[in-house]
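Quick heads-up: it's one chain on its own, the form predicted alone, in structure tokens.
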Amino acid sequence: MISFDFTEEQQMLVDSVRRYAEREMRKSIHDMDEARQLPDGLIDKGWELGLIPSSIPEEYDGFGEHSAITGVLYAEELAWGDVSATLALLAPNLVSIPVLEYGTAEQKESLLPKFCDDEFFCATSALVEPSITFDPYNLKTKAINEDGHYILNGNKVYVPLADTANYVLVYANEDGKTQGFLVEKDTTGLQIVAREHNMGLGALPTYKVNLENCKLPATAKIGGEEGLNFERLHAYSNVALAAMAVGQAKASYEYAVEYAKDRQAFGEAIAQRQSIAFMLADMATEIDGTRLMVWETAWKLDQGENASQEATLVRRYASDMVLTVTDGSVQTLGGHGYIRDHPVEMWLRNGRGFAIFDGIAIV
């Protein structure tokens, strides 16, 4: 039977993350979006929550175990605070979880303790390619096994924190299958080209990355010869993004509700008008419904089920939902919704990205 009762540890974690999101993230959302830069110390304070070490077993210096349910719980709370900061804070998960799930014994022993240090350990992954026909299961980036080494060639976009990452987990096509290859910074052939100017997520630095005859040792392939199960990792990523979409939508909805209660027109709060009240009610229904779908899918993943199809569907549904809700919030504020002094226009821009930022998060 599916149960969504929080464990004591999960409730404590959610409460801690919520306080961080409210006290640290929310106070900076406007300024960091305008400056296109995360405030000093914000990620370091978030790292103190121990979210990533909580997914890593004690034998690798962590203090927990990997749980998709726990991950989507804290991902939603963080995204309620700010999506840009959330994606930056959780970027190391893009490497730690694939290594934890599919890495060789040597990869786990050498890499996982790095994510349990007191200081933020920057790592990221590169999946999306600059092609209108992009398919994560049929990548144009190629990995060729040559004389005991791998040679990588290809182009990637939407790579978060690529300029400061110690490792970039590059997904490439090896004999028709999507596999992951760890590329250390300063590796010959790894080129961090330019920071992208995106419509939303202004404070999150994402980069174009090129690989030109990037030569890697055989040990760079996650999982060794056996490799990794990309379909399952993609499911973890899809539920993470869906959970963040719920958090973003919730933030936008709550702001719109408070505005509608306070805004007076013709002698009454606009929340009393049917057109506004019904729209807000529909927004609340969509948020709660999507959250339940996210939780159910994450629960199935934790049970070891193949929930790839469910994860894909909930990601698509959540991408549509967050766009509808954030647009409804802008409509609720009327002309004020288009003014940058109110965060709803930023949340709408952020919401647009959930449909295209494939593989940019994982829990």
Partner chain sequence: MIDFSLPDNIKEQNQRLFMVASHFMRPIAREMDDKEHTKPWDFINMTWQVTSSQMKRRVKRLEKELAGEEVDKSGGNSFGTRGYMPLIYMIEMLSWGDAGIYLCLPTAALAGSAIDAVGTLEQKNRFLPRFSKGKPKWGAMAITEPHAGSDTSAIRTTATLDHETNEWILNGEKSFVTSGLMAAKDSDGILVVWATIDASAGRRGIKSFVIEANTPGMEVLKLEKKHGIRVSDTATIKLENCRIPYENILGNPEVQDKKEKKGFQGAMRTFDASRPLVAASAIGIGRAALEFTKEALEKEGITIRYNAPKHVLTSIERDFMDMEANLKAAWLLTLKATWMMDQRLPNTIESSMAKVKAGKAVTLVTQKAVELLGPLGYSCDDLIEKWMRDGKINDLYEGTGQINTLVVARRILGYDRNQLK
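Nothing here was measured: the structure is a model prediction, and the numbers come from that model. Positions refer to the first chain, counted from 1.
Keep in mind the form predicted in complex with the partner chain is missing from the figure; the text below concerns it.
A.B. asks: Using a 4.5 Å heavy atom cut-off, which residue among 69, 38, 29, 56 comes into contact with the partner chain in the model of the complex?
C.D. replies: That would be 69.
A.B. asks: Taking the partner chain in the model of the complex as the reference, which of 281, 105, 199, 194 has a non-hydrogen atom within 4.5 Å?
C.D. replies: None of the others qualify; the residue that does is 281.
A.B. asks: Does the partner chain get within 4.5 angstroms of any non-hydrogen atom of residue 312 in the model of the complex?
C.D. replies: Taking the distances in the model of the complex, the answer for residue 312 is yes, it comes within 4.5 Å of the partner chain.
A.B. asks: Using a 4.5 Å heavy atom cut-off, state whether residue 317 contacts the partner chain in the model of the complex.
C.D. replies: Flag for residue 317 set to yes.
A.B. asks: Hey, in the model of the complex, is residue 174 touching the partner chain, heavy atoms inside 4.5 Å?
C.D. replies: Judged by the heavy-atom cut-off of 4.5 Å, residue 174 is well away from the partner chain in the model of the complex.
A.B. asks: Evaluate residue 289 for contact with the partner chain in the model of the complex, applying a 4.5 angstroms cut-off between non-hydrogen atoms, and reply yes or no.
C.D. replies: Residue 289: yes, in contact with the partner chain in the model of the complex.
A.B. asks: Would you mind picking out the stretch of 130 to 138, 185 to 193, 106 to 114, 205 to 213 that comes within 4.5 angstroms of the partner chain in the model of the complex, counting non-hydrogen atoms?
C.D. replies: Stretch with heavy atoms near the partner: 130 to 138.
A.B. asks: Within 4.5 Å of the partner chain in the model of the complex, which residues of 221 to 236 have a heavy atom? Give them in sequence order, or say none.
C.D. replies: Contacting residue: only 231.
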